[in-house]
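Only one chain is included here, represented as structure tokens and corresponding to the form predicted alone.
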Amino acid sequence: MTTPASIARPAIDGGDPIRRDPMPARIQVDETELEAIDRVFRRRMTDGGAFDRYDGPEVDTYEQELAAYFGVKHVTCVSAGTAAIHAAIGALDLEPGSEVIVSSFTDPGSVMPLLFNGLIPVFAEHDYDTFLMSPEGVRAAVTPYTRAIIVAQIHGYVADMAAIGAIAREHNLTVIGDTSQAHGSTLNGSRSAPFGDIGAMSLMSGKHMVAGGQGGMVATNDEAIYWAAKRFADRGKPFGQAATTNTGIGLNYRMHEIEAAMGRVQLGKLESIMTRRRDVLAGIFAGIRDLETVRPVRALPGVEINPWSAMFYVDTERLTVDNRRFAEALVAEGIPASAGYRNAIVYGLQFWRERKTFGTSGWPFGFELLGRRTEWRDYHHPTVERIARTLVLIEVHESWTRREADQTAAAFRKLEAAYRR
């Protein structure tokens, strides 16, 4: 991100920035996490063992608590959000060459696991107002080779899961909800509705709640999928089966006891974290309600978001600057902002454009799979690219107060006055 010192202040009169002092640091842990980790250490000091998930009760208990909180029957914890996506996909045991519809705007960790299983990502178009994958984009992406849909719920917002679910049922597809950036966001009051058939969530340190530095979970009401995901995340061990040896392939994606101990404390804090983040967002929204060139990304009816970053569109046709310059001006005013969603149009990233997968093979592209030759595709979704040109992100978090919300709104107002045509 550009630093304030490197940008000319945007004020017409050359006055002072809205905020001079640094924004509050995000403080994510306190004595309660320290006490939980100390408990695990002391247990190992008396009982032996180390910190593997099979050395104590923390991971098993954390899984039960997560399932109860989100209102699902089964949760298996894993080592990262990318591992959660991989385990969810691995549980479906799809044939190489199968297509999986994915969000175009997302972390690449939501897409890369597909390639390791020989699956073909198909990028869907998005909806402008809500930023997320659109039902129309999903329908347009379905082919006879489609087997699943991964819907990324970005920055706390939730896609139209009812419409996407209806398309999935029509074509017998599995819906995986990547809720890594939407911990606790609800759809019609349900914490599990954003999951679809399978939820995959990152619990790494940048998210709303954390399990150590990394961590993740797979959530589902389908017992067969639960056992299959659990087996895939531990090298094919025969969980839920009568066998005594590994029954399939998989990777070691186990969460360990220290992560789970911290995660359990963090889960207990999530409601407070959400309340404080929502209060900050409401304060910003209230302060810019009458602006004509800036508006928040809209949540769908029935969605209550837990904001990760706050998302806004700037009407660049009515301003004298683009969204990049607008974001830089916000930073100059002391507000942490960025243009677009950095490195998140996945089909625009270098690995995708250069078809860099396994050596020089291009696998799984260019092979005879499922009775046809798989082809790499170049994507240019007009709405996705319009979003990239007009989106501005503000890095809000629960350590902000009403003062930070009011200053952010004041900076938006100042810039509209300075840059409006």
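Keep in mind it's a predicted model, so treat the numbers as computed, not measured. Throughout, we count residues from 1 along the sequence that is shown.
What comes next is about the form predicted together with a small molecule, which does not appear here.
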query	finding
Listed residue that, although the small molecule is not shown, lies within 4.5 Å of it in the model of the complex (heavy atoms), from G184, G283, G109, G250	G109
Listed residue (G97, P121, G81, G90) with a non-hydrogen atom within 4.5 angstroms of the small molecule in the model of the complex	G81
Partner-facing stretch of 101-109, 68-76, 312-320, 267-275, counted where any non-hydrogen atom is within 4.5 angstroms of the small molecule in the model of the complex	101-109
4.5 angstroms heavy atom contact with the small molecule in the model of the complex for M204	yes
Partner proximity in the model of the complex: N306 to the small molecule, non-hydrogen atom cutoff 4.5 Å	no
4.5 Å heavy atom contact, N221 to the small molecule in the model of the complex	no
4.5 Å heavy atom contact, D178 to the small molecule in the model of the complex	yes
